[in-house]
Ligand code: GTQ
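Taking the form predicted on its own, here's one chain by itself in structure tokens.
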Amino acid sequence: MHELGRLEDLPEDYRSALTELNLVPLWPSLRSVLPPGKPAVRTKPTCWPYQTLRPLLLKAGELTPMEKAERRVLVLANPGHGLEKMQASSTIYLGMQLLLPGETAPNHRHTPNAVRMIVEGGGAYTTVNGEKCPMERGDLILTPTGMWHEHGHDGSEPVVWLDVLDLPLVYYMEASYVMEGGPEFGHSDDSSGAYRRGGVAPSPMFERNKSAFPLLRYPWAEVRAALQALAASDAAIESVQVSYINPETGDDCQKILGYSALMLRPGERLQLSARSSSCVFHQIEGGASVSVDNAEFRLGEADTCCIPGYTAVVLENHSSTEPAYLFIADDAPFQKKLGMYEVRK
């Protein structure tokens, strides 16, 4: 590939004339925006161990009352993007959120899509457009774009969850904002029970649910059972993995980020091909190592790591007797919609 001209090769008066008219020559910077063969990736492999993060999160509960925080969160920021950017990857925001007994996080809605992966505790709930979703460890709860949601805690111990949002992308689009207050909803019970049997969906009086998000809570007990059933039904299956989907359409449960759960069988070592999408791994149960070319993270329960796109990953279960369970988030749905998703063998 031939060498391109440099900015300093151009006469100073010519450069000044371009600047005055808000013009920039492309060729000196062409390789920075269109590098050959592979993108310039800023996301760095990064791990956030929960046992070192947790005391700082609990201290935040002492230092900052809810009325001063609205949402009490420590952001899991990737140093490759700069900590001030508050993003785990180019498209994914991660935060550990704390809710103490008796607290409420007020009703609001925002343009970024969010999910909550519950890390510890019980007795708390998220109410989404009036639907009350209990928060138990390992549950996944959706708060899609534009939906009013609030959090409350009737239990006796701190509750912590991992927030996953497409905030960096929505912010980049200059489309990110929040609205506070919200209408009063009549509270309804968690609807997840209506969709707990694969292959069937509620259709009262022959009518199907027209909601864009018919299922808001995915209980871990059900997901875990599905993984175990899959492993038992096909011992030769390459990976024991299930996706969180919209049960009415079969599509990903949200439109930009995708979510799945993976069971590593005892002693299993799993090679994942390099994919164009960046990826987050969060350990729900057990322990596993996540390895790439220049980094290895040994995850214990509630640990979280982020791996950049175009990177092959090796997962390995620490235990020779017990399975390990991982929650995975990536931006594959968005890339597929743009026709840019690829897998490199």
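Here the structure is a predicted model, which is why all the values come from computation and not from measurement. Start at 1 with the first residue shown and count on from there.
The same protein has a further form, the form predicted in complex with the named molecule, not shown here; the description that follows concerns it.
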Partner contact check in the predicted bound form: of 157-165, 207-215, 241-249, 222-230, the stretch with a heavy atom within 4.5 Å of the named molecule is 157-165
Is residue 97 near the named molecule? Define near as a heavy atom within 4.5 Å, in the predicted bound form. yes
Indicate whether residue 71 is a 4.5 Å heavy atom neighbour of the named molecule in the predicted bound form. yes
With a 4.5 Å heavy atom cut-off, would you call residue 93 a contact of the named molecule in the predicted bound form? yes
Is residue 108 close enough to touch the named molecule in the predicted bound form, meaning at least one heavy atom pair within 4.5 Å? yes
